[in-house]
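Just one chain is shown here, as structure tokens, and it is the form predicted alone.
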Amino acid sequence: MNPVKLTDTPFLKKLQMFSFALIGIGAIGTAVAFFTDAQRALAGYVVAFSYVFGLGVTGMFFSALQYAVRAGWSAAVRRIAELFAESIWLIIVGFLPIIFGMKQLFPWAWENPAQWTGGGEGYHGHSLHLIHEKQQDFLNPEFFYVRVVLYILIWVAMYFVIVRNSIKQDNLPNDFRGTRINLKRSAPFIILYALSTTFAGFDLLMSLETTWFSTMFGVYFFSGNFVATLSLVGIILAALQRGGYLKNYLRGEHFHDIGRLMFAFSIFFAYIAFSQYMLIWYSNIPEETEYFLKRINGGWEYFGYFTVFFHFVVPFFLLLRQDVKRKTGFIIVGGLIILTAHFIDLSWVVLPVFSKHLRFGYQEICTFSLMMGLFLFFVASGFRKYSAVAVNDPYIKESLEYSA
């Protein structure tokens, strides 16, 4: 089979123009935001970076998962997620603003955390003691640098083994060494993905609220990333199908399965989010309840309501019917709703740390616009260089004949 190149197609041109527009608007707004209120801009940047790195790294996880379970149905759709990993270079560089802005973001980055100039009431008394205890073993700048390097090494290794082996096969008919390697190495990389993204979620998000902890936060972060990644895969597949680029590769069953996964993991996200809230509410331990007390007051509760409604209720009823999951229009609408809700959810996690009262404006929107524009630029570059379908994958014939 010939590679499905999208070079000079209307789809790629529109994707590139959209990414340039996002980058332009985002760069201007972000520059203004940093000059007027650097801490607020950095907080918005953490939201945007967490969103983008979640999509890029989870795209590699999706590919590794398909290899691990030897899934045949997904051979025709797997490459879309793999091309998300082209943003790996953005992710590497994206850690730098967080590293240079550590003292603006993290109380534990200070030798004396009482000097942190964040929102709320600051830290004193027993809270200061807790932070000092955590600084000794885990939350200190030196160990943070080590962990960031480990995350990057794991993700780069995943990229060069899983994604690059898949891409190389496009030009090697009847040479399936790449698939054989990926079948063997996917399971270890899934474990490394789980560990690295969990700890990255702890470092980037949970440690902003340094005295708070939740053993469910890693799964919470993963579930949001995975359903968002599935949604973006579904949107791009639907757009390509509507443009006629993949009409020989995709069937209604492929959209049905993507829709089922979106439906299932929106429910899973809601289950994890509710379980975390319910257990903290029931135990009523001050060190745990402080997290939700900030987020159900001061106007931030509306972000919580938005997340519940658009991250679960609307996708649940929108994607409930079997026939709906086969319609590209519903996949696009459902995916856009979930992607928007994921951004609001991450904002709800990060922004109340820096302001007791609802504060959301161009600063947060522009930092997200910049990072999402850069992410889409790298994805578009992947589409320009590589096939949109893993045409020489040994499972591609099974995928083409797939019937649920």
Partner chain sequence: MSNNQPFAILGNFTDVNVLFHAAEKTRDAGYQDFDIYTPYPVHGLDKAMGVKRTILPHISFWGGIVGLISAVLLMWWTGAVDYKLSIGGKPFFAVEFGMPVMFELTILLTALATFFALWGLCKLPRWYNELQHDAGFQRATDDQFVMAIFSTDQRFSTENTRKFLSEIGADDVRSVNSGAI
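Here the structure is a predicted model, which is why all the values come from computation and not from measurement. Positions refer to the first chain, counted from 1.
Only in words, not in the display: the form predicted together with the partner chain, which the text now covers.
Visitor: Quick check on this chain: which one of 89, 271, 138, 160 has a heavy atom within 4.5 Å of the partner chain in the model of the complex?
Guide: When the partner chain is considered in the model of the complex, the option within 4.5 Å is 271.
Visitor: Just give me the single entry in 117, 174, 322, 112 that has a non-hydrogen atom within 4.5 angstroms of the partner chain in the model of the complex.
Guide: The option sitting close enough to the partner is 322.
Visitor: Mind telling me which stretch in 161-169, 176-184, 274-282, 328-336 gets its heavy atoms within 4.5 Å of the partner chain in the model of the complex?
Guide: The contacting stretch is 274-282.
Visitor: Could you tell me if residue 100 has a non-hydrogen atom within 4.5 Å of the partner chain in the model of the complex?
Guide: Residue 100: no, not in contact with the partner chain in the model of the complex.
Visitor: Closest heavy atom of residue 317 to the partner chain in the model of the complex, within 4.5 Å or not?
Guide: Although the partner chain is absent here, residue 317 would touch it in the model of the complex, with heavy atoms inside 4.5 Å.
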